[in-house]
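In structure tokens, the next block holds one chain alone, the form predicted alone.
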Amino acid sequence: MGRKFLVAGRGGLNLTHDESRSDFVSRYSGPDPAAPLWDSLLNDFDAAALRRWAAELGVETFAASTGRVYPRELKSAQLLRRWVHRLRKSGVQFAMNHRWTALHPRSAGGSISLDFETHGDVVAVAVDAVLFALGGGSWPETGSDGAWVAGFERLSLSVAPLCASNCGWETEWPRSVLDLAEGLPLKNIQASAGAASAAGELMVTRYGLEGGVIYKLGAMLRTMTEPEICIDLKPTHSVDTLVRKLGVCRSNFLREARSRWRLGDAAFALLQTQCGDAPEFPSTEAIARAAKACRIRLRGPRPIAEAISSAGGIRWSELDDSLMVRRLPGVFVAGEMIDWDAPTGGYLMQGCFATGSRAGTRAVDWMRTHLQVTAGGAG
């Protein structure tokens, strides 16, 4: 159990993020109708609530200087073990090696029927309510392979295609870039894509770019017909400042810039690509402007199986505020099954816990009301 939770623990298990409420809510993107709901979801189950939940399990958390919140031991196994133990004590039953294959909606006065495949057999289960939390399409080896999409589409629900999020993006590097910069970081840069921008680091890889900056720009890049990232290699300096630092040099601008601007190998390799077919920049101003706006055309994201998370899923228009499917009373969904996106930094885990808390609480409320009505009608 909890294989994807354990995978998240490889990076220390970044549970949530410590920042202002307005900033926190702004990290979640998706269709416009979802925006007000995120404010409500995070109001009901915020970062403090998630930290209290961990504390109730005897796991202390701390906020790093980056704002990321981790368990004190930087591991997921202990937290998962205590979580599962408490669930078992509460009477939760686990049925491993069962793959959900179909849902048969409730008939008048009847139950919801679920079909599961297990060891080659099909098992039907009747339930009063069901909460699906089947994940997105990333890390398929953990079981989160997105196979559920077909089942929900057969129910005539609108599902946005699952796509890679928080992942690297591909470009066609010149051989000279890979020879000098493959595997090296671009540090302290500012980058933009369309109206979105992000600061931090990028990594030059054989296929393109990786790192937190491009993860944050991913949602915008996916909307672009011809995705492109614009990198400012020296965000703390203006064009005029960079020109002044080059002094009175009249040639060898690349060589002088590498030395006087203290460019790392990756930044220097990237700046070289901005010359086009020419061997050199024509002036100090030209190279300074290029350093402030290195444009890199991108071919597309890496495969979803390599992504940290996925975007897409059941559209918010199919759900009510309880995260119940409007057309399927008693059927609730949570987590990455819903069409939302967020950057790394604790927001993904928080989003899953917030939607899970809302759907779980409301499913219990709905079931109590439903069973009361049924019992009242029968009596």
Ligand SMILES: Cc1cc2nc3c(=O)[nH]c(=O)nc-3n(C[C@H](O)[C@H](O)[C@H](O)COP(=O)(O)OP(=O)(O)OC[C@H]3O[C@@H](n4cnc5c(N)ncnc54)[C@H](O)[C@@H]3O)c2cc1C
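Every value quoted in this text rests on a predicted model; they were computed, and no experiment measured them. Counting begins at 1, following the sequence as shown.
The next section is about a form of this same protein that is not shown, the form predicted in complex with the ligand.
- Contact annotation: of the candidates 72, 85, 206, 99, the single residue with a non-hydrogen atom within 4.5 angstroms of the ligand in the predicted bound form is 99.
- Residue in contact with the ligand in the predicted bound form (any heavy atom within 4.5 Å), chosen from 41, 47, 314, 352: 352.
- In short, of 232 to 240, 128 to 136, 259 to 267, 208 to 216 it is 128 to 136 that has heavy atoms within 4.5 Å of the ligand in the predicted bound form.
- Although the partner is absent here, residue 323 lies well away from the ligand in the predicted bound form, with no heavy atom inside 4.5 Å.
- By the criterion of a heavy atom within 4.5 Å, residue 332 is excluded from the residues contacting the ligand in the predicted bound form.
- Using a 4.5 Å cutoff between non-hydrogen atoms, residue 142 counts as a contact of the ligand in the predicted bound form.
- The ligand in the predicted bound form comes within 4.5 Å of no heavy atom belonging to residue 103.
- Counting a residue when any of its non-hydrogen atoms is within 4.5 Å of the ligand in the predicted bound form, the hits in 306 to 328 run 307, 308.
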